[in-house]
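Just the one chain here, laid out as structure tokens, in the form predicted on its own.
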């Protein structure tokens, strides 16, 4: 009986868990779309592998509320991004800026791919050259190899 009552209370309280977000969304859907678009460019500092648009962490909700308030105050998206970077560092940007300190981050995978393909090309070329330079087997060597493969090797090696 108690478990059913507890379940009913929790069921009734569930919509209130995100009531602050839902109420804000109904006020101004255009503003809310801008908030979500801009939030998609900011990293959740708690989750770190999610944007604040995707995260339900308390800090992410606070950051979305800050973005919303700054947009209401008339600040541009770039001004808000600059503010967030100034306050939290460049780590808050979900996609880091392309500049000299992040070149390795942006172009490192491409560089590794090119180097890997180069190494593969050199190895295959050397292997092909070795195959072409390998001496051909004589008739006796072919016969001995065939007998060894068939298991009828006559030399008594085990």
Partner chain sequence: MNRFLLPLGAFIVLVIFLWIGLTLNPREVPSPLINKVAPTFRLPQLHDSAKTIGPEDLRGKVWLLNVWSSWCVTCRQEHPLLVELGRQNLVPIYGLNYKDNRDDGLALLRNSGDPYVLSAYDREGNVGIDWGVYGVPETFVIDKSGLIRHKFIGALTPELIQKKLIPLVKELNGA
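Small disclaimer: the values here were computed from a predicted structure and weren't measured. Residue numbers count along the first chain shown, from 1.
The form predicted in complex with its partner chain exists for this protein as well; it is not shown, and the discussion that follows is about that form.
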property: Partner contact for residue 46 in the predicted complex: its partner chain, 4.5 angstroms, heavy atom; result: yes
property: In the predicted complex, residue 27 touching its partner chain (heavy atom, 4.5 Å); result: no
property: Non-hydrogen atom contact residue 86 with its partner chain in the predicted complex at 4.5 angstroms; result: yes
property: Touches its partner chain in the predicted complex: residue 59 (any heavy atom, 4.5 Å); result: yes
property: Which of 27-35, 62-70, 126-134, 112-120 sits within 4.5 Å of its partner chain in the predicted complex, heavy atom basis; result: 62-70
property: Within 4.5 Å of its partner chain in the predicted complex: residues from 105-140 (heavy atom criterion); result: none
